[in-house]
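What follows is a single chain, given as structure tokens, in the form predicted on its own.
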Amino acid sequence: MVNKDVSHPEGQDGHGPDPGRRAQLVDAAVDHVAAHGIADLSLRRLGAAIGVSHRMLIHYFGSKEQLFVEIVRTSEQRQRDLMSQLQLEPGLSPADVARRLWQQLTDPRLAGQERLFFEICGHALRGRPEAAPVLEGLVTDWLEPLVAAEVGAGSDPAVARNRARLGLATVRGLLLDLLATGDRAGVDAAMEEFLRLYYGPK
């Protein structure tokens, strides 16, 4: 839970919200969504859960949708950080890293985050201006670390970007499949088949 002391919301110069406090609120909101999902989640209810008023959330984020955009972006960054950590573990092949990351992404406890991701992307693609920022870096923020991993694993740099984009699209497509169908066994089997085609047999 976030500290309830919100008597000084402005930055150190007295102008505008404090970026550090804003990041703290986003982290708390991500944790809450991960634990409880987004069903009927209002700013008032979210604020009460993380220890601030809904007016303070409006002060820092402007609207519920803008806060949801930041939750999605932070969740995505956490996933990239996890991938980077896994890549540093000794003895893990690129396919092993992909499997471990997939297991994390499909953890039922993160289903709320995944639903929010697709919901906000849908809003952005329909042209809702408050959601539009979620499209910034939606693909490109992932390509750099994925391309680096591909090149590090021996892929030709000329095709590494194509492979990285294919991998990202496949993971997101299978996540949507899982949310839509609930067929965990079928989706896991499809991921294993993709990894076999992508990296070769175990």
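Sequential numbering from 1, following the sequence displayed. Only a predicted model underlies this, so the values are computations on that prediction, with no experimental measurement involved. Think of the rigid core as the biggest set of C-alphas that the two forms share within 1.5 Å after superposition.
Omitted from view is the form predicted together with another copy of the chain, to which the following refers.
Chemist: Here the chain is shown alone; which of L146, A34, L57, I50 has a heavy atom within 4.5 Å of another copy of the chain in the predicted complex?
Modeler: Contact residue from the list: A34.
Chemist: Tell me, which of E119, D81, E89, D96 has a heavy atom within 4.5 angstroms of another copy of the chain in the predicted complex?
Modeler: In short, E119.
Chemist: Check P19 for me: does it contact another copy of the chain in the predicted complex (non-hydrogen atoms, 4.5 angstroms)?
Modeler: Because no heavy atom of P19 falls inside 4.5 Å of another copy of the chain in the predicted complex, the answer is no.
Chemist: Answer with yes or no whether T170 is in contact with another copy of the chain in the predicted complex, where contact means some heavy atom within 4.5 Å.
Modeler: T170: yes, in contact with another copy of the chain in the predicted complex.
Chemist: Are any of the heavy atoms in R73 no more than 4.5 Å from a heavy atom of another copy of the chain in the predicted complex?
Modeler: No.
Chemist: I'd like to check something about L138: if you look in the predicted complex, is any of its heavy atoms closer than or equal to 4.5 Å to a heavy atom of another copy of the chain?
Modeler: Result yes; L138 sits at the interface with another copy of the chain in the predicted complex.
Chemist: Going through 93 to 117 from first to last, which residues have a non-hydrogen atom within 4.5 Å of another copy of the chain in the predicted complex?
Modeler: The stretch 93 to 117, when checked against another copy of the chain in the predicted complex, contributes G112, R115, L116 at the 4.5 Å heavy-atom cut-off.
Chemist: Once the two forms are fit on the core, has Q79 moved its CA by at least 2 Å between the shown form and the other one?
Modeler: Result for Q79: yes, a 2 Å-plus shift.
Chemist: When you overlay the rigid core, is the Cα of D31 off by 2 Å or more between the shown form and the other one?
Modeler: Yes, its C-alpha moves 2 Å or more.
Chemist: State yes or no: after fitting on the rigid core, is the Cα displacement of K64 between the shown form and the other one at least 2 Å?
Modeler: Yes, K64 moves 2 Å or more.
Chemist: In the predicted complex, do the Cα atoms of E114 and K64 sit closer or farther apart than here, given a shift of 3 Å or more?
Modeler: Here the pair is closer than in the predicted complex; there, farther apart.
Chemist: With a shift of at least 3 angstroms, figure out whether the C-alpha spacing between Q79 and F117 grows or shrinks in the predicted complex: closer or farther?
Modeler: They are closer; the C-alpha distance drops by 3 Å or more in the predicted complex.
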